[in-house]
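Single chain ahead, by itself, as structure tokens, in the form predicted on its own.
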Amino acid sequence: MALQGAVQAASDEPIQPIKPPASINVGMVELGKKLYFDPRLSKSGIMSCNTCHNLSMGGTDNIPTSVGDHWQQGPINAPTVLNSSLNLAQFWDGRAADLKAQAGGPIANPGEMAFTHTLAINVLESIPAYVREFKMVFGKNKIDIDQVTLAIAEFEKTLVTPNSRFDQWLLGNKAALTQQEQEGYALFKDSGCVACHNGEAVGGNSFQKMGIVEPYKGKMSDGRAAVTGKDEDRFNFKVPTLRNVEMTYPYFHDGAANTLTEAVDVMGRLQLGKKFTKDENAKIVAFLKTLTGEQPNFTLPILPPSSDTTPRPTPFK
């Protein structure tokens, strides 16, 4: 009865505890894990999914915008891959419907991994251990990009971060949060932050305009309008998850806010028309830090060696 009561109490809150993935294909996850870490899917042979979505750094790269092939500067901040399966769509502008649709983009983007899907498949098919593993997982004699993106997406579904101190508090452990953190959560709710930052991921489930009350003075792309073609979607971006937000700095689509204190101040003024006091800001930041959950913990994959026929990377061309 006590557990049932705790679950009911949690369900009454705008933020919900993170649940483990409902079902996963273990063989596909193991294959996807290798592909996620394999830099041979890039032209240079040094960039992998983990380069910009580093699982030792909150699933991001902790720089304003990512570095691509030949040190190209990326146009936008790399969103965290952690809990990304909970997003309504992928990328800041939502142009990918799901993780599978997202996974193939960076491989073929000339500003990121700068390869092509055809060349990536050629590399994988030249590696005997990959050929065997793909056949074991998918039951096909040929590797294709759909299999690659399915496997990466299946691995990414496992990258959830449950059991944060805040989730423990939601589920009835009232000693999990300090008084300051609880007051920060109350401010977070009462100020209206939960209108956008709610649900399991504390965000990721809507698109909102950056600069509702005051215009944003940082770098602005068309945002969601680049996908929909609608003028009313200009400057609209997917609301980022606040899970593990202590680890995913710098903040915003352009990576312009280096600290949570700065991010809370800007969001309060631009989105809510509220200027938080120093004490209020500190309380909200203290609450946000309780959203850090258990990080993915697994043995790094040993990647299968290239064969004599595997195309070699060309990092300097």
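Keep in mind the model is a prediction, meaning the values are calculated, not measured. All residue numbers refer to positions in the sequence shown, first residue = 1.
In what follows, reference is made to the form predicted in complex with a further copy of the same chain, a form of this protein that is not presented.
**Student:** Would you mind picking the one in V194, M247, I145, V160 that has a heavy atom within 4.5 Å of a further copy of the same chain in the predicted bound form?
**Tutor:** Selected option: M247.
**Student:** Ok, L35, L288, M47, V264: which has a heavy atom sitting within 4.5 Å of a further copy of the same chain in the predicted bound form?
**Tutor:** After the contact test, the surviving option is M47.
**Student:** Although a further copy of the same chain is absent from this view, report whether H253 comes within 4.5 Å of it in the predicted bound form, heavy atoms only.
**Tutor:** It does not: once a further copy of the same chain is placed as it appears in the predicted bound form, H253 has no heavy atom within 4.5 Å of it.
**Student:** Though only this chain appears here, would K274 touch a further copy of the same chain in the predicted bound form if you measure heavy atom gaps against 4.5 Å?
**Tutor:** It does not: once a further copy of the same chain is placed as it appears in the predicted bound form, K274 has no heavy atom within 4.5 Å of it.
**Student:** Even though a further copy of the same chain is not shown here, does T116 get within 4.5 Å of it in the predicted bound form, heavy atoms only?
**Tutor:** T116 lies outside the contact set for a further copy of the same chain.
**Student:** Do P296 and a further copy of the same chain share at least one heavy atom pair within 4.5 Å in the predicted bound form?
**Tutor:** Judged by the heavy-atom cut-off of 4.5 Å, P296 is in contact with a further copy of the same chain in the predicted bound form.
**Student:** What are the residues of 289-316, in order along the chain, with a heavy atom within 4.5 Å of a further copy of the same chain in the predicted bound form?
**Tutor:** Contacting residues: Q295, P296, N297, F298, T299, L300, P301, I302, L303, P305, S306, D308, R312, P313, P315, F316.
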